[in-house]
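This document starts with one chain, in the form predicted on its own, laid out as structure tokens.
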């Protein structure tokens, strides 16, 4: 077992997130910490999955990657996010402008509320196309048509002049993806991009993101509650629980030999492997309230393999248990045969 507290940096790393702490300043002396230990990297041209229950900190980490934490009254208190030599954790709004939307694109959580309802598709795409660049109207329209075609929207010349209410949920999400890739970014952050869409459309959207990643050699960060989806489309996986990263590894490694009881519990509670007619398997108990974490491992009260030392001291740090596979569990030796 290697005493390496954070996932090692690969030569292909595009973003390195180290000891990231995110929270809300409630009063001058009182802070609500939402994420207190995020450690992972994002590699070039990979799809990285980010999973965990609601309240685990996934969306806050995503917002830190696009510089919109202040819109939720949150901020970064410590740590770093190194992207191509820039520490995104320390950028002001002026410094963010050439990065957000240009080098890091964003696909919002809900296709139904993402697009501006009072602006045509063309107007919204035009804003994305013009971002930090002066373009003639005819060039903007041409680029908008190209983007709609890239995301497989039929009759782009018609859709370009329509309003979001005239489009289906799947088409609206395709428009949001088109806006996200308008400037050929290095990374696209997709925060649960299939929320509210039916299963068939979800599959189409995920296939589209895979095509875009491959064609433009860009990285994709995919946030999802759907582990089956993560297994199918992602290269590596980051598991978050109660504001911290508890497991990081390749999807095949995490799927075949998970090294944290929380990951095992998530896998067992998957709907796609449930026995028809049998009760659904759930994770016992509830995650601790945000910022009110108990001492020791924050999963201890819900863990079937808990030991005396699990619920004392500091929250366990990530340790490299196998090559390129990290876990924050103190007793990974107990997991053999427990992950089936």
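All values reported here derive from a predicted model rather than from experimental measurement. Residue numbers count along the first chain shown, from 1.
Not on display, but discussed next: the form predicted in complex with a small molecule.
*Asks:* Residue-level contact is defined here as any heavy atom of the residue lying within 4.5 Å of the small molecule in the predicted complex; does residue 54 satisfy this criterion?
*Replies:* Residue 54 belongs to the contact set for the small molecule.
*Asks:* Does the 4.5 Å heavy atom contact test between residue 14 and the small molecule in the predicted complex come out positive?
*Replies:* Residue 14: no, not in contact with the small molecule in the predicted complex.
*Asks:* According to a 4.5 angstroms non-hydrogen atom cut-off, is residue 318 in contact with the small molecule in the predicted complex?
*Replies:* No.
*Asks:* Using a 4.5 angstroms cut-off on non-hydrogen atoms, would residue 60 count as touching the small molecule in the predicted complex?
*Replies:* Output for residue 60 is yes: heavy atoms within 4.5 Å of the small molecule.
*Asks:* Choose from 296 to 304, 39 to 47, 309 to 317, 26 to 34 the stretch whose residues reach within 4.5 Å of the small molecule in the predicted complex, heavy atoms counted.
*Replies:* That would be 26 to 34.
*Asks:* With the small molecule left out of view, choose which of 253, 204, 186, 192 has a non-hydrogen atom within 4.5 angstroms of it in the predicted complex.
*Replies:* The option sitting close enough to the partner is 192.
*Asks:* Select from the listed residues 131, 142, 123, 225 the one whose heavy atoms reach within 4.5 Å of the small molecule in the predicted complex.
*Replies:* It is 225.
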